Every structure is written in structure tokens, then in C-alpha cells.
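Encoded as C-alpha cells, the following chain is the form predicted on its own, with no partner shown.
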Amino acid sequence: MIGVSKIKQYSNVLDKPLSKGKQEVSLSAFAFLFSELVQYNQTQVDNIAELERSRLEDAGYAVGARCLELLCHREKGNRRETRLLGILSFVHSTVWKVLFGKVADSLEKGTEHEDEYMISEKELLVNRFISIPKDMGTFNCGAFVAGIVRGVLDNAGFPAVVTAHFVPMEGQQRPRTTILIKFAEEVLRREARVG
């Protein structure tokens, strides 16, 4: 029969293919939810370091773990990166593009230490709409993104300490945010053995 197409019927919801869905979230909705997350967690802690490390970074870690699972399934056919530069490139490009709509500004290797890498972003989305009171000093909402990066790396088998830092830029009012990744010694030994 010409012009008649078959429509595939799925007997089970688990047999249906995963659609990519709408990949954009309203910026104002994200800003509102994120500010509520920060305000709620601020009431639960005693100091800024605890807010960054215990609360925002842990919330980001959970997002990173789920993001890795989803992206490995969608983008890589359930395969994961096994090399250090591969996972860094995956975070710098694929993960960043899914989360922030663009590739990160730069990925650099640390000059002082062999185990350090830096992802820099001129205007990180989580810091864009946040005004920090003077009494909170160097509070950096980038700790949430550092948690996401740590969640991706840990769950991919690359344990690391990940922190967020402000780096002043000449001629700019706002500093850029640098996500500093310091890999565990076991990662470097494994990379040397494989490579």
C-alpha cells in the first residue's frame, strides 16, 4: 500500500526511546531556584566555608553524578572516558554545553603542579545574578559548579578535589571564575601506566 506508514506500538514504557526533550530552561526560573537554594542553605550553616563546601558543593555533586549518567547514555552510547584528557575534554565541552549552553572559555593545565587543571569561565552563570554582601567576603557560588565537576569526575573514576576561585581580570569589574581540579595520586599513576 502506497502512502500508508506503520506506527510502531510499544508494549512497555521502558521500550520507548529516550527523547532529548526541550533542552532550555528559562534563565529567570533558574536564577530564582538557585537563589532560593543559596538562601535556604545560608540559614542552615554558621560560616561561608561551610556554605560553599558542605552545602553548595554537595548539591552540585549530586547534579554532576546524574549528568554523567545521562550524557554517557545519550552522547556516548553508554561508554565512558578512560583517559584523563578525554574526561577533561568531556567536562569542558559536552557537560558545559549541556549545562550552560556553550563550551567553557578555557581548559588549562597548571604550571606549578602536574596534577592540576583549570577550567575558566569569564562570567559563570551561577555568579551572574548573585550580589554578595560585604560581610560574606569571598563567597563564590561557583562552588555549586565545582561540585558538579567533582560529581562527574568521581563517578567516571577520576577522583579529584575541585574548588572554585575568583581570579581578577584587568579592565573588568567582575572577576572570572576558575574551577581548579586537583586529581588524586591514583589517577596520575593509572594514566602513566596506561599511557
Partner chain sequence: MAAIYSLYIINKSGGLIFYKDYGSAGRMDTNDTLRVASLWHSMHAISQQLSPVLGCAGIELLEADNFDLHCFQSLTGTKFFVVCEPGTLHMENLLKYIYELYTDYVLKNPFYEMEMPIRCELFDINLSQAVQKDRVALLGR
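None of these values were measured; they are calculated from a predicted model. Positions refer to the first chain, counted from 1.
In what follows, reference is made to the form predicted in complex with its partner chain, a form of this protein that is not presented.
- At a distance of at most 4.5 angstroms from its partner chain in the model of the complex, none of the three residues T163, T177 and I179 contributes a non-hydrogen atom.
- At the 4.5 Å threshold, heavy atoms of A156 stay clear of its partner chain in the model of the complex, well away from it.
- The closest non-hydrogen atom of V167 lies beyond 4.5 Å of its partner chain in the model of the complex.
- Among residues of the shown chain, A49 is not one whose heavy atoms approach its partner chain to within 4.5 Å in the model of the complex.
- Its partner chain is not drawn, but in the model of the complex it has a heavy atom within 4.5 Å of S28.
- Heavy atoms closer than or equal to 4.5 Å to its partner chain in the model of the complex belong, across 137-163, to the residues F139, C141, ordered by sequence position.
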